[in-house]
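Just one chain follows, in the form predicted alone, and it is written as structure tokens.
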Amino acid sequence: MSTKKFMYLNRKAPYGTVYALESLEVVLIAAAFEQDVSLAFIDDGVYQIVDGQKTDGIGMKNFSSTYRALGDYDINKLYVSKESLDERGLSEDDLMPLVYEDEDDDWAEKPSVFVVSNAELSKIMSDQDVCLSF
């Protein structure tokens, strides 16, 4: 079985719809089947990995801590649209410090989040076998 490159495009805010949680579940399933998985956070999807989320006031379970486990599933390519961050008054400093342990570099922790321009993201997307939008 050949490994295919799957990119999951996260465009929706984390709460208020099922899209963010469904995407996260599908990503973890794909990784369990040893697919090459990456994620892109575009538009309101950038809010999915904002650090310090609190959901008490909306009565929904906060699932944002699950993103911290992605590195354990060899999911270490998370691309964030710089333009989407800028449009929402956010910066890379507002995002969760998501990392993975690089087994080829003596298990050194390395960042999983890459802030890229939309032009760069477009190039990355064109290199994928499958892109799924949530």
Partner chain sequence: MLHTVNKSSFERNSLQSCVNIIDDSSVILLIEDGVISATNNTQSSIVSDLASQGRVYALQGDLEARGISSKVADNIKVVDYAGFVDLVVEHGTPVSWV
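Positions refer to the first chain, counted from 1. Only the largest set of C-alpha atoms that superpose within 1.5 Å between the two forms is called the rigid core. The structure displayed is predicted, hence computed values, not measured ones.
The same protein has a further form, the form predicted in complex with the partner chain, not shown here; the description that follows concerns it.
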Practice prompt. Find out whether any non-hydrogen atom of residue 111 is located within 4.5 angstroms of the partner chain in the predicted bound form, and reply yes or no.
Written response: no
Worksheet entry | Contact label in the predicted bound form: residue 122 to the partner chain, heavy atom within 4.5 Å | no
Worksheet item: Is there a heavy atom of residue 115 no more than 4.5 Å from a heavy atom of the partner chain in the predicted bound form?
Response: no
Discussion item. Residue-level contact is defined here as any heavy atom of the residue lying within 4.5 Å of the partner chain in the predicted bound form; does residue 13 satisfy this criterion?
Written reply: yes
Worksheet entry | in the predicted bound form, residues of 42-57 near the partner chain [heavy atom within 4.5 Å] | 44, 47, 50, 51, 52, 53, 54, 55, 57
Worksheet entry | Core superposition between this form and the one not shown, C-alpha change of residue 58 at least 2 Å | yes
